[in-house]
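Here you get one chain, nothing else, as structure tokens; it is the form predicted on its own.
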Amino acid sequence: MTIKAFIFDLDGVITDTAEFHFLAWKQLADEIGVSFTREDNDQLRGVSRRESLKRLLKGRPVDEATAEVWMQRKNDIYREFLHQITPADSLPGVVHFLDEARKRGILIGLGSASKNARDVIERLKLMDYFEALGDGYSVVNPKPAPDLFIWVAGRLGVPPNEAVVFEDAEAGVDAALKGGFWTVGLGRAGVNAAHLVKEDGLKTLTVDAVLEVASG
């Protein structure tokens, strides 16, 4: 088995904008009179904006027109925070790992549920590493459906069993496994089903370690 591609989630893997997401959802929740805590925010990891709103509302009914307005409001707040992102906001080890992968001839793709993924990657000045970028606009069915990773693999011209997905969320690991990808789980929350788990992210991970697991 030859691994030809690495596909990375964005938030929690390449950078961490979780605090920005929390503050944006929190501000929206306050505006519409819904209680929203950091524990509630943990339940939004790795899912689409629409599903996030559904979980935030905790059963409170909402028509689709209003839901669209609220999601746009959250995104507008979040995008204001994005102006603060610089290349220094890449997580520890990310640039080194991407460099190592590229030197080994491995194709690199992004598979993020975020509709702001391109903006974030550009602000991090990492766009040159990615041969394919899949985001919240790329497919209809979000994670935990495998569609996004399959879409990215297709753009890279690589079958799922020759690609490794790097994820920090249970929904993302589930999506990758359903799609037939090798998986690396980063962090401690809900990623134990991955083929390889690294609690400290990409900081101490090597390409050889990933390839060894995927060839085992």
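From a predicted model like this one, the values you see are computed outputs, not experimental measurements. Numbering starts at 1 and follows the sequence shown.
Beyond what is shown, the protein has a form predicted together with a small molecule; the following relates to that form.
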Checklist line | Partner contact for G185 in the predicted complex: the small molecule, 4.5 angstroms, heavy atom | finding: no
Next item on the list: Flag R73 as yes or no: does it have a non-hydrogen atom within 4.5 angstroms of any non-hydrogen atom of the small molecule in the predicted complex?
Entry: no
Note to self: Using a 4.5 angstroms cut-off on non-hydrogen atoms, would Y78 count as touching the small molecule in the predicted complex?
What the structure shows: yes
Margin query: I'd like to know whether K115 contacts the small molecule in the predicted complex, with contact meaning heavy atoms within 4.5 angstroms.
Written below: yes
Next item on the list: Report the stretch among 26 to 34, 153 to 161, 39 to 47, 57 to 65 that approaches the small molecule in the predicted complex to within 4.5 Å, counting heavy atoms only.
Entry: 39 to 47
